[in-house]
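What follows is a single chain, given as structure tokens, in the form predicted alone.
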Amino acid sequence: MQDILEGMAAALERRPHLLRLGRLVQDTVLIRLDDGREWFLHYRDGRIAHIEEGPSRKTPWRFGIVTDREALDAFWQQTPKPGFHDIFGLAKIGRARIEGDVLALVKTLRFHKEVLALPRGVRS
């Protein structure tokens, strides 16, 4: 999972439209799998400045996505099935929860949706 997230950070650097869209994002986002593994994506000026592997109770985060690995794999397919196409779709079908400051997510929704979808097509 760490390598996928690092690949996502590298892919973000090659997307000028996303860097422009997220230029004001200064948040830490939690991605937690249902088995307890978690990662903190530290965004600075719309870039993923650092990826920190958890768990950690000391790392503050703005909002988090809690899901299972199978749902993420389905989300990252080139053409995801209905319900797996979007983070809110995952929540709607009961395969994810969005925690924390949902308003912060909604304010930057397009940016975060596109960044989280960057691994699509790279994975088999």
Partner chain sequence: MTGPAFEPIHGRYLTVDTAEGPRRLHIETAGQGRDVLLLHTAGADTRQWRHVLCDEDLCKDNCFWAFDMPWHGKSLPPDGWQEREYLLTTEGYIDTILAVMDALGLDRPILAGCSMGGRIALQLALRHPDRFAGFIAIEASDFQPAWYDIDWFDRPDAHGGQMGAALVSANISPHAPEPDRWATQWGFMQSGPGVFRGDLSFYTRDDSLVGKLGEIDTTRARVHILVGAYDLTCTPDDAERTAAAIPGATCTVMPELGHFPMSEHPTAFRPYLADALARMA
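Numbering follows the first chain given and starts at 1. Since the structure is predicted, the reported quantities are computational estimates derived from the model, not experimental observations.
One more form of this protein, predicted in complex with its partner chain, exists but is not displayed; see below.
Chemist: Among 80-88, 60-68, 34-42, 47-55, which stretch has residues whose heavy atoms lie within 4.5 Å of its partner chain in the predicted bound form?
Modeler: Flagged stretch: 80-88.
Chemist: My question is simply whether K92 lines the interface with its partner chain in the predicted bound form - judged by any non-hydrogen atom within 4.5 Å.
Modeler: Yes, K92 lies within 4.5 Å of its partner chain in the predicted bound form.
Chemist: Considering only heavy atoms, tell me if E114 and its partner chain come within 4.5 Å of each other in the predicted bound form.
Modeler: It does: once its partner chain is placed as it appears in the predicted bound form, E114 has a heavy atom within 4.5 Å of it.
Chemist: Considering only heavy atoms, tell me if A11 and its partner chain come within 4.5 Å of each other in the predicted bound form.
Modeler: Answer no; every heavy atom of A11 is more than 4.5 Å from its partner chain in the predicted bound form.
Chemist: Would V102 count as touching its partner chain in the predicted bound form under a 4.5 Å heavy atom rule?
Modeler: Taking the distances in the predicted bound form, the answer for V102 is yes, it comes within 4.5 Å of its partner chain.
Chemist: Need the contact residues for 1-22: heavy atom within 4.5 Å of its partner chain in the predicted bound form, sequence order, or none if there are none.
Modeler: If the 4.5 Å heavy-atom criterion is applied to its partner chain in the predicted bound form, 1-22 yields nothing.
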